[in-house]
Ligand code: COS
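The chain that follows stands alone, in the form predicted on its own, written as structure tokens.
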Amino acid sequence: MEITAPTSHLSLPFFDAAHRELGARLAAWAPRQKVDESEDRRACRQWVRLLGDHGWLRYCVPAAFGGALEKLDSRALVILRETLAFHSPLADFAFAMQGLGSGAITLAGTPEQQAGYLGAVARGEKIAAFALSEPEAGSDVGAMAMTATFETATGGADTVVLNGSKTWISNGGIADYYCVFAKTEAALGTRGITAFIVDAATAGLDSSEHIAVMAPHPLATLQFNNCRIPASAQLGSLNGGFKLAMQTLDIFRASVAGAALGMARRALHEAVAYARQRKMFGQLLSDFQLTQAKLGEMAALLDAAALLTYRAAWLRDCVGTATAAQAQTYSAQAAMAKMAATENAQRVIDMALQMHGGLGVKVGTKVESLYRDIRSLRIYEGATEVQQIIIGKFCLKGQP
């Protein structure tokens, strides 16, 4: 029996007709895709190709470069990630990284950089990656140790030499290019970071050190050993890399919440289906009031997180972030959405697993894989504790 992601929440006033049409199309398409996910790197490449061939990756870039919409639309990104994650967290990962790995180019790339990369990302012809984290610099971006040194060669052409390492890099080892952040003025901390585009085939870049995690997806440590790139590969302004990285993460933070919602919705679906057919003590599991209470709690946790997520996406799309006050408000609301959705999804999936009893921990069942898939969302693109700090600082500034 084909399982279809729910779309009733798209009737909420946060969305318009275009979003509802998008959600319905994707909900019909996603369950028909059959990808063997037993090997994550091969599967991720296949998902990128499928998503590109069917036009879904066009929502990762603006219309000027082959995108579906005039500009990046947070509500569309949330809908896409929520629906894909309902069916396949790896499909969601493949989609999300195309957006995150190209977002900095959308925001700050030169016309040549945008033309050279964004269209290929939208078609699924180039796999993108975002390389910010280091072994000693995760949440503490200012501790970054990787360096970028400008050199002038004979004849006057400028070259940038990259040295250092990046780790926990999604799509590491399969990406066609990396948006890499490095120190150009070490003494300035976060104010001395610059971004660069580094093609995967560049000499001096080694992406062979793969990282195995509990929910398999492509991850690697990158080593840069006198990796030389042209100065024209600089992305955005000199020493403007930290701001660019944060702006890029801000765009996609609400969509991380969307992915968590998709996983939580699938867990609730699995719990309801199981409760309706599992017989025990002469009746169905769904007949017990304790089961009904648990399902009620799961639904409330899910909806609470959904409203925060849709509000944050709507705020960016419809109110904007043009002023400092708007940007701070959106950052706080996106942080609330990311925190609530990922934490609530963990609780919902845990309750669904518990409801399945021993079957819930059997490798190969949907709730077992969801239990592994959700855990990383509470860490990446800003751990829960980082979101709490963002929200707390917003409160201390006198904001409601």
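Numbers follow the displayed sequence, beginning with 1. Bear in mind the structure is a predicted one, so any value in this text is a computation, not a measurement.
The form predicted together with the ligand exists for this protein as well; it is not shown, and the discussion that follows is about that form.
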The unique member of L132, A122, A148, L80 whose heavy atoms fall within 4.5 Å of the ligand in the predicted complex: L132
Heavy atom within 4.5 Å of the ligand in the predicted complex - residue from M246, A273, A115, A304: M246
Per-stretch contact check against the ligand in the predicted complex, the hit in 260-268, 206-214, 190-198, 87-95 (non-hydrogen atom, 4.5 angstroms): 190-198
Contact of V141 with the ligand in the predicted complex (heavy atom, 4.5 Å): yes
Q346 within 4.5 Å of the ligand in the predicted complex, heavy atoms: no
4.5 Å heavy atom contact, R253 and the ligand in the predicted complex: yes
Contact test in the predicted complex: V386 vs the ligand, heavy atoms, 4.5 Å: yes
All of F242, G382 and K393 within 4.5 Å of the ligand in the predicted complex, heavy atom check: yes
Sequence-ordered residues of 330-353 touching the ligand in the predicted complex, heavy atom within 4.5 Å: S331
